[in-house]
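Quick setup: the structure tokens below cover two forms of a single protein chain, split into structure 1 and structure 2.
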Structure 1
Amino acid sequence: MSSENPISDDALREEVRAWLAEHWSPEQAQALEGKQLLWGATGELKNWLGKVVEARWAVPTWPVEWFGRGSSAVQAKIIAREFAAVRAPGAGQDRSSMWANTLLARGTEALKAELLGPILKSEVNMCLLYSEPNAGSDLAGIRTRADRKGDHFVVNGQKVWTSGAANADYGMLIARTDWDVPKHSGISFFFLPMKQPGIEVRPLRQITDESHFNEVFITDAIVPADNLLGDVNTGWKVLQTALAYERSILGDAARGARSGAKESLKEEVLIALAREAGVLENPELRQDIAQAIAYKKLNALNNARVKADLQQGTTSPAMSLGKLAMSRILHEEARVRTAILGAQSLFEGSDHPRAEDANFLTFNAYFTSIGGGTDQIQRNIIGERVLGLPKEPEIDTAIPFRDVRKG
């Protein structure tokens, strides 16, 4: 269905329900519950996602030639709600997949034909090759290099804080391709094949005892010139598009408890926890719980505005508000959970699941404070681009990167 052949909201809703009734079951919902899409998918989940993509429910706002229906944002929400109502995954990737949306916006027709379908079906796994040990939070300071050799580039350098690198088939890579221009002007953006000699992934142990983050060492790795997004040396602009999607996703998608229980993310969970602990009448806790819920409501409204901007082709700096807000929400919710549990929060292990969840969320909140640009970077963006405050002095934006001092 395209925008040239519109369908009413009610007719669309009935079409989605009929399709789900034919292809989806409560047993599938139970079997696929908790299967994540970000770092990998089971064969069963891939099979289901293939059906969703082929039926054009995965990215309904996209053009028809790229698995979409040309639907409006309102109708995309109708589809997503119907899928959510029966706990069916796969719809709404035109809002949630930074990989697919970045490729659609900036990739060549050939690269889109090769990878858009597999990405939407989770047939390929992706990671982000942005941060570097010596670049800090200033991605324009990267020193990983990509040198043109005929029809490909040779990549050398090191990346860090790379989630999902161990399972990734491709990495969205920013690399320096011109050292004789200012730092923002000599960067290019690639889809780097990860399964090749010259790429070594070393896991980093996190405070939660997980290892989602990795170091990636790249030595003479090859990336075809056809895997370039945008033109050579225009990677900074492509990166802004990718970061916009990433911050939008981080702005309204938080990780739940260690158990993965989705109910841990619902607004009512703090109320239920306080009732269970017998402290719901405590006036200070009631105020804390109300404030945490208000943060979530406000953030949801802001994110809706940002996603509307993205669908119109605008990369609004307001997305930094959402990303920063989610970081604050997670820290605040972890604090309130701990306050509700009181001394119980000192326990750990499977015999104390409430304390286990509260402590996990406390540690894990720092993930959101760092990932997708640190909280400090978001505050700078908000100050300069949203509030219009003076920019921080930058002494290296107008000189060739080759002459920028290291360290």
Structure 2
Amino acid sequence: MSSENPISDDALREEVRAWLAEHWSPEQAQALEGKQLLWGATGELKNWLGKVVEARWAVPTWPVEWFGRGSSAVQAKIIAREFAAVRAPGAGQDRSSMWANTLLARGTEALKAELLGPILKSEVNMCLLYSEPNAGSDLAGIRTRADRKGDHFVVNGQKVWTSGAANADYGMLIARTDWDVPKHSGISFFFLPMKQPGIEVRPLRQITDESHFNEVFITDAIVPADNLLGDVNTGWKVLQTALAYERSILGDAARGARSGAKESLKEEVLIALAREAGVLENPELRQDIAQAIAYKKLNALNNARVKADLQQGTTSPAMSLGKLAMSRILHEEARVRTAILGAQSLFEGSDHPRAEDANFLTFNAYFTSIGGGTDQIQRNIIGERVLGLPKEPEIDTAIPFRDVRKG
């Protein structure tokens, strides 16, 4: 079960299959379909995840002392493929869980012992306490503070764009712990317990009329020093680890709660809509539809190429393009849907589900083109890290945060 005791690929595949055959059924697959892992689980799913973790399928590449089996990435993929083949969730969290990976990489032994298991089993709910009203794209400008008092820190400030804050047990928090050093150097990273006085969660109403996000007001909340990830003032580095996991997950996940949003990822949905609306013969729309579908196909082809390259041990620049591509896809898809509907898109309400979908998608596309780093920030990253273009001069990275001009 450990790396000193290697198992052949075929034997492993047999072991997973046998285990799934014993513990998993197609009925379960149906019942759990569509339940999200990202923001926490309930009931039956939780039970199942418990079994997966105990059987060490959840994070096979991790060490044995932390629910893993010291597997290679190749063997982890074998396991994930077997799970995917029967549509069983829970495997591959060593790639997909930003919470667990961040904690494993940077957490204290005490915090790992307390929370790694519960996180993998989705027994605890997590949220992200990064952005602030005055620190969006420039996250290093945060002003929420954490001040050390003995064996704990006292936190004060305001966070925004926090999904799942109302149900969260812990928030991954960045807070300023030193105001006399440059902005990136005085930040620390915590697992903040959310169920305590001093934390007030207020839902944010979005332009889609949904409330996925919250504002979180933090007044004299307490976080134990053991819940510090990395050393004091090294939070920026920990954040980069966490963000890398988040970006890779956001690139894969379907967004939006409504049926139209899920449906939109299917390739031929625009053709079906145009046919239904009786406008499929309109040559201008045909061009638009073809182009919108093409954007999706091209993104899928880029992803396939990246995957093939990785398997050969090489990398391709296409790797960093997924988020930018996705935002173009979503905006274009919404635009073409609206064009297909024409005047019908003036309506809203459940009597006009097509219009509802198109209008929802029009707004929801901003989830991707702003959330997780705006398209413009993505372009900076691609320009600098992939193409090697020089950085924009930064005027506030070398001076104490106390002296930085703030908005």
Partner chain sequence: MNSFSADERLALRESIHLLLSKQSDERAVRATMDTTSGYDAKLWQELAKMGVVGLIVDETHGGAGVGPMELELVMEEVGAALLCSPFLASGVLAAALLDALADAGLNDRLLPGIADGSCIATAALTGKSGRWTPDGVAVSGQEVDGEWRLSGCASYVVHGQNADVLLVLASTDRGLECFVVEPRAAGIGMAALPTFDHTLRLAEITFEGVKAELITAQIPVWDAVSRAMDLTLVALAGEQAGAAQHCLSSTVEYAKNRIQFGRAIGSFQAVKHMAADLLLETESALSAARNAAARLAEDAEAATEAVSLAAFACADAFVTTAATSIQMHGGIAFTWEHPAHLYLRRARADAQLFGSSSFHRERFIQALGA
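Here, rigid core means the biggest group of C-alpha atoms that superpose within 1.5 Å across both forms. It should be emphasised that the depicted structure is a prediction, and the values quoted were computed from it without experimental measurement. Here, residue number means position along structure 1's sequence, counting from 1.
Remark: structure 2 matches the stated condition (the form predicted in complex with its partner chain). Residue 53 is not among the residues whose C-alpha shifts by 2 Å or more between structures 1 and 2 once the rigid core is aligned; its shift stays under 2 Å.
Residue 208: CA moves 2 Å or more between structures 1 and 2 after rigid-core fitting. The Cα shift for residue 62 between structures 1 and 2, taken after rigid core superposition, is smaller than 2 angstroms. Here the rigid core is superposed, and residue 343 then shows its C-alpha moved by 7.8 angstrom between structures 1 and 2.
The two forms line up on their rigid core, and residue 365 then has its Cα shifted by 2.5 Å between structures 1 and 2.
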